[in-house]
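Quick setup: one chain, the form predicted alone, written in structure tokens, and binding and motion questions come after.
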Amino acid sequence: MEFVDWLNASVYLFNKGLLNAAKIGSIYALGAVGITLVFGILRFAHFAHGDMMTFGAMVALGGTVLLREAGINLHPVPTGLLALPLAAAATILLAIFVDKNVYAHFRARRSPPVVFVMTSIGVTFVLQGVVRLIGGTGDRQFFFVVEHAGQRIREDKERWIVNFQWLRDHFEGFRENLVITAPQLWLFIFTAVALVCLHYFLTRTRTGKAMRAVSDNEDLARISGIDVGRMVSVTWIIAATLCAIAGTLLAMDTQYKPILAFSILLPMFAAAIIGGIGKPFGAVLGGFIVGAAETFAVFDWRPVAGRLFESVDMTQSMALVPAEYKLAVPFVILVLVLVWRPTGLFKGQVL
């Protein structure tokens, strides 16, 4: 086994494993933070969260079509990214509309959490119908060819390739490239910026501190002069914005699916619980733990092993878990964490 074999295996593992784990982890982290914020302020599990992501992705897709037809292009920024503010605004309006017309009714009656949960499941089915009615039932690609400097560019799938020329010159047999797509890069940037801004907001601003006070004791916060209704609206604004970002960038990197929420909702809840329900930064860590566990549980290690060892049987899968059991992986991690630490990885005051 030579050093160049380790180089080839490492770059392949980074491309196919670590990058994918970081992408899925970012999506789960953004979604889990929204879920845990809603729980921290409103005290119920919002099962319509995943469908709000789908709604945001649908609006972004429609906005991308409109921008393309209008000839608006800011290459190398993907047009889908230009439509993201529209998607965020529409998702915020949807979240506030649902809260004012559905959840506020039960909140005024001091209904138990189970009523909110069942109501959110009902909202889930309604949103699924709305998404299919407006956006159709088929899968759609964020695939738009644009003209830039006389060249036709498939902008949303643009890839940046690092070919490690210095390593190629010094290590014969090194042939791997590092490949990252535009949506993946933007996803990592947006995730980092969003989480830093959220940390500053919750710990340094008056509104953020007021949200934490409402989370700790709503009645005491109200008699202290805090506008609880405003804090509820701010919570939905933040959660809906994160939904739009996560849904849009996931759809840009893969494809828009009306059933987008089906495969990501339960892992996001698992991430929120693993991190400690009601704790935003625990949800971030939980998101990346779940993303990494999912990715590497179904990752086929044959190409990596084949670059290191000549005697590898390439006819037998080396995945730890068959792909059809991928959805079960987050809950195995969840059970293990809760057995070891029932409060999740983080404990203490909510928010």
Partner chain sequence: MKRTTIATMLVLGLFAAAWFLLSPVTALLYLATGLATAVVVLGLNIQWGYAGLFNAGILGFVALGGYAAVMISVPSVPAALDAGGAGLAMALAKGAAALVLIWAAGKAVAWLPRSVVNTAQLLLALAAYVWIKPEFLAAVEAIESAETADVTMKGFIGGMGLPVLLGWAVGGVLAGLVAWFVGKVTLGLRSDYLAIATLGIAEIIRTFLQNADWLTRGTLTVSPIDWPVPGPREVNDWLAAHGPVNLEWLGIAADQSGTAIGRMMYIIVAALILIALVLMMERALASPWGRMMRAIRDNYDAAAAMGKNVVRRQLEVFVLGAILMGIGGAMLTSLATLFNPSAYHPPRYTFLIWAMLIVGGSGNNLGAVFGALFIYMLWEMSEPIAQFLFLGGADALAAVFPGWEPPADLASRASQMRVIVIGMALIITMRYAPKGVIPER
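Please read these numbers as outputs of a predicted model, since none were measured by experiment. Residue numbers count along the first chain shown, from 1.
The form predicted in complex with the partner chain is left out here; the points below concern that form.
Just one of 61, 285, 67, 45 comes within 4.5 Å of the partner chain in the predicted bound form, counting any heavy atom, and that one is 45. Just one of 117, 185, 72, 89 comes within 4.5 Å of the partner chain in the predicted bound form, counting any heavy atom, and that one is 117. Judged by heavy atoms within 4.5 Å of the partner chain in the predicted bound form, the contact stretch among the candidates 77-85, 122-130, 240-248, 190-198 is 122-130. Contact check at 4.5 Å (heavy atoms) against the partner chain in the predicted bound form: all three of 39, 101 and 321 pass. In the predicted bound form, the partner chain sits within 4.5 Å of a heavy atom of residue 328. When the partner chain is considered in the predicted bound form, residue 273 lines it closely, a heavy atom lying within 4.5 Å.
Interface membership of residue 18, defined by any non-hydrogen atom within 4.5 Å of the partner chain in the predicted bound form, is ruled out.
Although the partner is absent here, residue 266 is a contact residue: one of its heavy atoms lies within 4.5 angstroms of the partner chain in the predicted bound form. In the predicted bound form, no residue of 228-257 lies within 4.5 Å of the partner chain by any heavy atom.
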